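Form predicted on its own, single chain, as structure tokens, below.
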Amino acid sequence: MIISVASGKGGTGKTTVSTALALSLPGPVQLLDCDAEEPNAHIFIKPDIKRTEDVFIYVPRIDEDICTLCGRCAEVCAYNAIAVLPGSGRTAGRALVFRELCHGCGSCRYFCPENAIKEEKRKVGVVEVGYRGELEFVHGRMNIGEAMSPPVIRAVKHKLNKGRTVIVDAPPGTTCPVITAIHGSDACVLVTEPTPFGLHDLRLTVEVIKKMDIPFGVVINRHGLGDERTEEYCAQEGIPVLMKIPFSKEIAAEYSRGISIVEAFPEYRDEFAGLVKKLEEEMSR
């Protein structure tokens, strides 16, 4: 079973939930931290990292001796990573490649009529694999200054082990990195907080998950803070509230020390383990 943990905004407790699930579920478990821009699940899991692998994408390299500046590569590039400048009376034309914008799709090379484009590897980040007891841990880290996390997220998901219960800690938001992380999941946990910002971004995330046709439920973190509108929204939409984590100074203090909620307060282990059973009920509907 693959369970993604997502949220419409950062700071709602997504990593709190994903790490607590990984530490509470019985049997072999794998935790994939796909928040490659700022991974922090390792702070709570404290894995023994066994290996590190570089992540590359393939970017175009244009042979100027062959290129005729026809502009076909720029036409087919959906990401504006190539610009072709025509020559003028005193200056020669030139094809420019913006490597940081390239998604490595290979369209420019495929459609080049002169076969003037080759591809070369560019390192964009790393994937690290480690263990804590029987728990397998994988996370990705982008190079500083990189703009696109999906290549690193895909590299993390390439390590997905279907022989284990897999927990995917997705990036926050509703854009491409989130879609890349949660694609292929059997179920999704949406983490929110009972505030106007939390509700606004929960609505956006719910629309995304519905379009992806993934069974889901909501965990309300910091319950007791804010108002009741998040619960009212879930009731109106028929969205199951899987769990409520109280707004607690003690939980926040342990979090700030890098201690998982289920290690600081073991009474929550059964509740997190039961959360998965509630998700399975949603999947069977």
Partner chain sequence: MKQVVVISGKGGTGKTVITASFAAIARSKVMVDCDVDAADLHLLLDPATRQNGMFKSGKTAEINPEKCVKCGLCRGICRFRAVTADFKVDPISCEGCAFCSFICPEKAIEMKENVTGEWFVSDTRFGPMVHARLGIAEENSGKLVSLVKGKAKEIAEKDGHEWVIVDGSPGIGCPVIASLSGANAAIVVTEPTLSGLHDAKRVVAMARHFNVPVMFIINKYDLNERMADDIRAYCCGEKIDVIARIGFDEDVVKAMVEGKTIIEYAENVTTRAIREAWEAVTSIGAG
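Positions refer to the first chain, counted from 1. Superpose the two forms; the largest set of C-alphas matching within 1.5 Å is the rigid core. This structure is a prediction, so every number in the text was calculated from the model and none was measured.
Although it is not shown, the form predicted in complex with the partner chain is what the next lines describe.
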Query raised in the report: Given that the partner is absent here, does Arg164 sit within 4.5 Å of the partner chain in the predicted bound form, heavy atoms only?
Result: no
**Report entry** Contact label in the predicted bound form: Ala81 to the partner chain, heavy atom within 4.5 Å
**Finding:** no
Query raised in the report: Just to confirm, Ser185 within 4.5 Å of the partner chain in the predicted bound form by heavy atoms?
Result: no
Query raised in the report: Is there a heavy atom of Lys249 no more than 4.5 Å from a heavy atom of the partner chain in the predicted bound form?
Result: yes
**Report entry** Position in contact with the partner chain when the complex is considered in the predicted bound form, options Lys50, Arg229, Lys244, Arg61, heavy atoms within 4.5 Å
**Finding:** Arg229
Report summary line: Students should find that, of Lys121, His200, Arg132, Arg99, the residue having a non-hydrogen atom no more than 4.5 angstroms from the partner chain in the predicted bound form is His200
Requested in this report: Sort through 22 to 30, 218 to 226, 62 to 70, 236 to 244 and report the only stretch with a non-hydrogen atom within 4.5 Å of the partner chain in the predicted bound form.
Outcome: 218 to 226
Requested in this report: Can you tell me which bits of 39 to 72 touch the partner chain in the predicted bound form, meaning any heavy atom within 4.5 Å?
Outcome: Pro39, Asn40, His42, Ile43, Tyr58
Query raised in the report: By the 2 angstroms cut-off, has the C-alpha of Glu207 moved between the shown form and the other one once the rigid core is superposed?
Result: no
Query raised in the report: Would the C-alpha of Phe111 be classed as shifted by 2 Å or more between the shown form and the other one after rigid-core alignment?
Result: yes
